[in-house]
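The chain that follows stands alone, in the form predicted alone, written as structure tokens.
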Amino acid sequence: MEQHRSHNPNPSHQNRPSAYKREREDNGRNHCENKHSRPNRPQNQSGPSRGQNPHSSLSLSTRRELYERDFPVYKQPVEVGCFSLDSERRFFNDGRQMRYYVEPDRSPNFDLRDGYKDRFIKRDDSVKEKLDHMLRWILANRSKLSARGTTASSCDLDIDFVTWRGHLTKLLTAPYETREGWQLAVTRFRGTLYISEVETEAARRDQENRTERHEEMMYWGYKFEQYTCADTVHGRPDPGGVLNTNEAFCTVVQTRLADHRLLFSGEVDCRDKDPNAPAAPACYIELKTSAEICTPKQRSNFHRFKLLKWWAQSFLPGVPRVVAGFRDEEGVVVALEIFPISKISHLIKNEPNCWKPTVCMNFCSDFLSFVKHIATEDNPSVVYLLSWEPRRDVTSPSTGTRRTASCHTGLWRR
């Protein structure tokens, strides 16, 4: 994977202090300015001066130029555990749902439509699981996470943030996202911040208005996994079987971004079956499908949009490669390509106005600093809601909302 402390090739941004640190240093003399800062300022307005803070007490800018500085320290992610979800979405503190990658022919001719009508059990999207599975894993594995000087039965963790990998992926891609906003709910409990997603009204409408074609195309990605994964190390794929999207294998990794200690989980498609493969997460493989590329414009869009999300999703947990199946309009996979995560930044470097890994990671780091600054009350019944829309600032109310039961940490009380 990419070096975890890389160097920004643009020398004009070297040695620039982080925006959050700069705000703290300037807080005394800029108090009046910050008090009058305007949240939700569009990104396409004129850029800030060199000393301008990207966030006030209530907002955080997503303007890319603010985050073009040296790549932040990102420690090699370490897998501290895993868990499985079965066909009924029940939690198991083990790796029983792990699958093994079986390399197909270079011209596989996989029909991704097969089984959609008669061999497909779809997970209920209306059930919002929040952080429940992560909390169950923590409850079963406290001894791996207890802060020094505490007992294994204590709730205190040696962690700053607990969340899902998917939420962090949305943070990494936010400076370049132009279509979908998000809302994240944060609770501070015994020093650890828990981040979970809240469905936006726009996302709810999109889900309700999905066409049958859209639903089928979402199935295609899962079907590609069924063609390329076996349940055992010496097994073969069974594309004629029932496809149940309730089933999942999830890794749990620990790492550090700048001074933020992170614990997060993400679903893993499969692992390398070679017995000499490196230890997890370096043995994991991400499987993706995409429309076949026929024109320079299509290739440019693939580099600018799809590779951004693939890189962010895999770089965070330390998954080293993506295997992509390129399909035609009828849903038939016509070609395969392997994308090493460490090479993706080289693929896009000649693309005009393309995304930059440094911007993604620095924004994520500053967002986490912003959350620490905002979510100060250590109370699982207090929830802070952070909202963002494309080309706007991240915003948060000045105080958290008190709830009778926290959307994050209710499991602690069981």
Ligand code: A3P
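What you are looking at is a predicted structure, and each value in this text was computed from that prediction instead of being measured. For every residue, the number given is its place in the sequence shown, counted from 1.
The same protein also has a form predicted together with adenosine-3'-5'-diphosphate (A3P), omitted here; what follows describes it.
Enquirer: Among Q183, T289, T255, N301, which has any heavy atom within 4.5 Å of adenosine-3'-5'-diphosphate (A3P) in the predicted complex?
Expert: Residue within 4.5 Å of the partner: T289.
Enquirer: Which residue, E225, D114, D160, D132, is the contact with adenosine-3'-5'-diphosphate (A3P) in the predicted complex, using a 4.5 Å heavy atom cutoff?
Expert: Answer to the contact question: E225.
Enquirer: Quick one: is Q313 in contact with adenosine-3'-5'-diphosphate (A3P) in the predicted complex, heavy atoms, 4.5 Å cut-off?
Expert: Yes, contact at 4.5 Å.
Enquirer: Taking 4.5 angstroms as the cut-off for heavy atoms, does I293 touch adenosine-3'-5'-diphosphate (A3P) in the predicted complex?
Expert: Because no heavy atom of I293 falls inside 4.5 Å of adenosine-3'-5'-diphosphate (A3P) in the predicted complex, the answer is no.
Enquirer: Should P320 be classed as touching adenosine-3'-5'-diphosphate (A3P) in the predicted complex when contacts are defined as heavy atoms within 4.5 Å?
Expert: No, P320 sits far enough from adenosine-3'-5'-diphosphate (A3P) in the predicted complex that none of its heavy atoms falls within 4.5 Å.
Enquirer: Would you check, heavy atoms only and a 4.5 Å threshold, whether V334 touches adenosine-3'-5'-diphosphate (A3P) in the predicted complex?
Expert: Judged by the heavy-atom cut-off of 4.5 Å, V334 is well away from adenosine-3'-5'-diphosphate (A3P) in the predicted complex.
Enquirer: Choose from 67 to 75, 215 to 223, 188 to 196, 81 to 89 the stretch whose residues reach within 4.5 Å of adenosine-3'-5'-diphosphate (A3P) in the predicted complex, heavy atoms counted.
Expert: Selected stretch: 215 to 223.
Enquirer: Go through 259 to 278 residue by residue and record those having a heavy atom within 4.5 Å of adenosine-3'-5'-diphosphate (A3P) in the predicted complex; state none if no residue qualifies.
Expert: Stretch hits: a single one, D269.
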